[in-house]
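So this first bit is one chain, no partners, the form predicted alone, shown in structure tokens.
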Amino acid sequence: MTVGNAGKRRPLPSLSQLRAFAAVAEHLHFRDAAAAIGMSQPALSGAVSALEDSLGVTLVERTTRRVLLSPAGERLAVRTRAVLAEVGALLEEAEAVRAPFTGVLRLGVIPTVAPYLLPTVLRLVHDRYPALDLQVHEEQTASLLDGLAAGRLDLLLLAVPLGVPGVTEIPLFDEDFVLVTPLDHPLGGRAGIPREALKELNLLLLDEGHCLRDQALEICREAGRADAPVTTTAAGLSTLVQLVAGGLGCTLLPRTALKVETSRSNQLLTGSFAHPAPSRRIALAIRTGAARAAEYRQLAAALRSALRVLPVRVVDDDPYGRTPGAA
């Protein structure tokens, strides 16, 4: 119990109340907030009201059309998220102490990695860590980083470098990009393609928000192409490759995606770039100081061994979390 300024004793906030308020602060909608944390809407509304009574302040301004945070709510939402994050860290550390590679592990993966690496990841977890409850979430990079910071996700599998404070990268491998063209394209099937050839190509890219799009644009800039070469975009690599097969242009694919994506059409050719080929680095990312950091590094080492059968160059880990130079 706590005592307010007027001497009135108020109960301490409960974790359930804090989670309810944090959800409302994030969604600004009672129904969406209730669905997000698996609570009924009346229970969520009651929990927020009880928290307001406990704190002695109004946190939420309720109208018939929308929900707004009060000035006090805006301030206390930040502290509420921090408290919940610390409680999550406490539970995570206790779980790590009890037994490694047990319990829930929430893995976030970007769409340009998930279809090509998940079979290897899932097989490894099934065979080596049977007590681990792996839960997979496929999202774009920005959403994954938000989930990691908020404690919604534990571990990310994505392209780096990220350059995000509070996030430690554990490198896994580098892989080259290859050029995918229609059958009648002059660069189709060629080896040793110079990067400068990208200056003249009608290049098809993924939609905004995909890190692979940003990487492809950066490769074009390094090749000396100042303009954005985008004429047509797609939401996923499968659609992108089918657009190439239809003769709309060319695209860049990471080597791990090549077998899966080009096997669906006989109207495609692939070309490789001259050394050093444009490439990307794939890594695990964790919260800096995560209680299960040692466990995640063991998982990364096991993954490197399992991934050697793929067309990649495995990268050694740096125990201090720095991003090493390209392999």
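All residue numbers are counted from 1 along the displayed sequence. Keep in mind that what you see is a predicted model, and the values were worked out from it rather than measured. Rigid core (definition): largest C-alpha set, two forms, superposition within 1.5 Å.
In what follows, reference is made to the form predicted in complex with the DNA, a form of this protein that is not presented.
The DNA contact in the predicted bound form: S263, any heavy atom under 4.5 Å: Contact check for S263: no, nothing within 4.5 Å of the DNA in the predicted bound form.
In the predicted bound form, V67 touching the DNA (heavy atom, 4.5 Å): Yes, V67 sits close enough to the DNA in the predicted bound form that at least one of its heavy atoms falls within 4.5 Å.
Contact flag, M39 vs the DNA in the predicted bound form, heavy atom cut 4.5 Å: Within the cut-off, so yes.
R31: touches the DNA in the predicted bound form, heavy atom cutoff 4.5 angstroms: R31: yes, in contact with the DNA in the predicted bound form.
Partner-facing stretch of 254 to 262, 278 to 286, 39 to 47, 298 to 306, counted where any non-hydrogen atom is within 4.5 angstroms of the DNA in the predicted bound form: Residues of 39 to 47 come within 4.5 Å of the partner.
Yes/no, Q298 Cα shift of 2 Å or more between the shown form and the other one with rigid core fixed: No, its C-alpha moves less than 2 Å.
Large Cα shift (2 Å or above) at A25 between the shown form and the other one, core-fitted: A25: C-alpha displaced by 2 Å or more between the shown form and the other one.
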